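Only one chain comes next, encoded as C-alpha cells, the form predicted on its own.
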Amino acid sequence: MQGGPLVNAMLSVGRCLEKLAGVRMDTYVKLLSKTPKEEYGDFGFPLARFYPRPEEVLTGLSSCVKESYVKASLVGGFLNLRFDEKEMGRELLRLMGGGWRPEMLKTERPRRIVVEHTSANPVHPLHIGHARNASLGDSLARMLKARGNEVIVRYYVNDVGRQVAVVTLGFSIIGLSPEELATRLGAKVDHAIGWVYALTHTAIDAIAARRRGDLEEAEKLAAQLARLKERGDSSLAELIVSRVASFDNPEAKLSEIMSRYEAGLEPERSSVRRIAEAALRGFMETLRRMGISYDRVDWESDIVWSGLLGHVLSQALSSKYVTKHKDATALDLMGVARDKVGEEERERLKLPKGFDVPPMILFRSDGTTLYWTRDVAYSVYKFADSGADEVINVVASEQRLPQLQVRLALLGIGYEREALNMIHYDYELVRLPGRAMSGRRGEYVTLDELIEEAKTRAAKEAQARNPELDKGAIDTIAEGIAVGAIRFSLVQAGATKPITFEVERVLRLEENTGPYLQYTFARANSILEKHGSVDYGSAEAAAYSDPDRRALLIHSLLYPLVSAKAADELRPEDLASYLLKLADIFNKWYQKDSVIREPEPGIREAKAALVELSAHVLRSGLTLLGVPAMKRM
C-alpha cells in the first residue's frame, strides 16, 4: 500500500490501460489531470487520442480494476475517474490506524545520481544568487533521494584561475592570514576574504584604466576604492592600493601565481589553499543555517595535480578534432556535432538545430588551462569516482554555452556515456530591488545579511504572537521562518524564471510563501494537540461526503504521485505549487468546519484524521524543499 488508496487505484487503472489499450504508464501519469467540470469526475485522461474505440476499454476496466471505490466513465473521448469518498475513506482510516502515512512513491528503477551544486568561487561570501543555486540543488537531491535513488551531493571548489590569484595577491601584500584579518575587521572570515578580493581587483582595474588613459573609468574605480576602504581597515586598504600601483605589470603577477599554483609549487600551493579553505569554512557555516550539506568536497587543484587533467588534455590533443582557434589550441566542437550527434543525442545534449558551437580553447599561451577545460576533466572524475548513472550540474543559465561545450568535448574525446548522462540544470539569476551586484567590486548583499534581516523581521512577528515565549524559543522560531522564507521563494517560481527577491514579501503569512505553509502546518499541529490521539476505529468515513472535506481528502492523497512526478521531472516548483494548493484547501475548510467543537464523535475523529493526513503531507513536502516544518509560529 505504498501509494495509498487514491494513488494505488489511479495506478491500477494505468496498468489496465497498458493491457487494454497499449497506453504507456508514463504517458498516462503525465496526461492524467483534474477534470474541467466536477460532474465529469475527479480526473480525466484523453483515451481517444491513443485508442480509437474507447468504449471497449471502458468495458474491460470494470473487470480489470480491483479497487471498487473508483468508477470510470467516458465523456467526449476522455476516460474520467470518480472516487467514492466513503468507501475510499474507510480504506484510508484502516490504513492510517495501522500506521500508514503518505510518502513519495519509490522508483522501480533506482539510479546512482550525482548532484553538484553551489560550488561558489572562494573569493567572496555567498550571496542570494548562490542561495538559489544551493536551494535548488539541495531540494533536487532531497527529492531524488526520497524517490529511492542513491544520491551523492558534491561541492566543487574552484581554486584554480585568475579570481583566486587576485585574492592571493592581496593577502600576500597585507601579510595576514584570512583568520587574522577576520579578527582585525571583526568579520566572518569569508566576508574578510571578499573585502580583500574586491579591493585588490578594483585596484588592479583602476591602475589599468589610468595607464590606458581612460580617466573617466579610473575616477569611477577610485571612488569605489574609497567606499571599500570605509568598509574595512583603511591602512591595509592603502597598502594594497599602493603596492598594486608599484607593480610594472600586475597581470604578470597574477599569471605567475596561477602558473605556479597549477604546477603545485610552493609557497603558492599552501597560500592559495589556505585562503580557499578559510572561505569554504565560512560558506559551510552559512549553508548549515540553510539546512544544506554535501557528501563530497572536490578541489579543482586536486584534479590538476592528480594528473587527470593532463590525461584528458592528451586525449583531446590526440583526437581528430584538435584545431587552431585565434592562434590557440582548441577542439572543433562543430566537427564533433556533425560526426557524433544524431536526433537522440541532440535532444539529450540540448543542442539546438542550426546552433553554431564555437571551438573550445584548451589552454592559454602561458600553458595554464581554462576553467571549461578543467570542467571536462572534473566531469570524467565525477562519473568515475561515484560510479554515477547520471550527473546533474546545477549551474546558472549564463553558463549554457560552456556547459554544452563541455558535453560536446567529452563526446569528442571518447566519453560518450558521460556526455549523454550529464544534465545542466540551469536557473535564472536573482535580483535585489535597486541593487546591482558585483563580486569584484564588493557590491553585494551577503546571504548571511539576508538571513539576519529576515530573522529580525520574523522575530518581531513571533514575539507579538507569542509574548509568553522566552528569547531562545523566539530565536529558534525566527531562524526557521527566515530560512523557510528564503528557501521557498528561491524554488517556488521555477528555475527558468528570474526572481526579484524582496524580504518583506517572502515573509508574508497570507501569501504564497514559505511562512504561509509553515503557518498552515502549525495550525494543523495545534488542532491535533488540542484534540489528542485520533481514534481511527470510531471515525465515520461518511463525513468525507462534505464537499470541502472531500476536496482536502483527495488533494492530500495525491501527494505520493505528485511528489514522485516532480522528482522525476526535476521540478521542485511543482511540489511547491501542490503544497500551496493543499494549504489553501485546508485553510478554507478548517476556518468554517471546526474539529474540536464537532459534537458527533465519529465525525470529529474523521475530521481529526483529515487534519493528521494534511499535516503529514505538509511536513513531508516542506522537508523535501528544505523548509523547516515548525509546530509553533
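Numbering starts at 1 and follows the sequence shown. As the structure is a prediction and not an experimental result, all values here were calculated from the model.
What comes next is about the form predicted together with the RNA, which does not appear here.
Partner contacts here mean any heavy atom within 4.5 Å of the RNA in the predicted bound form, and among 283-291, 426-434, 331-339, 314-322 they occur only in 426-434.
Of the residues 269, 400, 227, 94, just one reaches the RNA in the predicted bound form with a heavy atom at 4.5 Å or closer; this is 400. This chain lacks the partner; the member of 421, 386, 149, 512 within 4.5 angstroms of the RNA in the predicted bound form by a non-hydrogen atom is 512. Using a 4.5 angstroms limit between non-hydrogen atoms, residue 51 is distant from the RNA in the predicted bound form. The RNA in the predicted bound form comes within 4.5 Å of no heavy atom belonging to residue 63. Residue contact check for residue 59: none of its heavy atoms lie within 4.5 Å of the RNA in the predicted bound form.
With a 4.5 Å cutoff on heavy atoms, residue 555 does not count as touching the RNA in the predicted bound form; it lies far away. Site residues 494, 597 and 633 are all in contact with the RNA in the predicted bound form, judged by any heavy atom within 4.5 Å. Along 157-189, these residues reach a heavy atom to within 4.5 Å of the RNA in the predicted bound form: 158, 160, 161, 162, 163.
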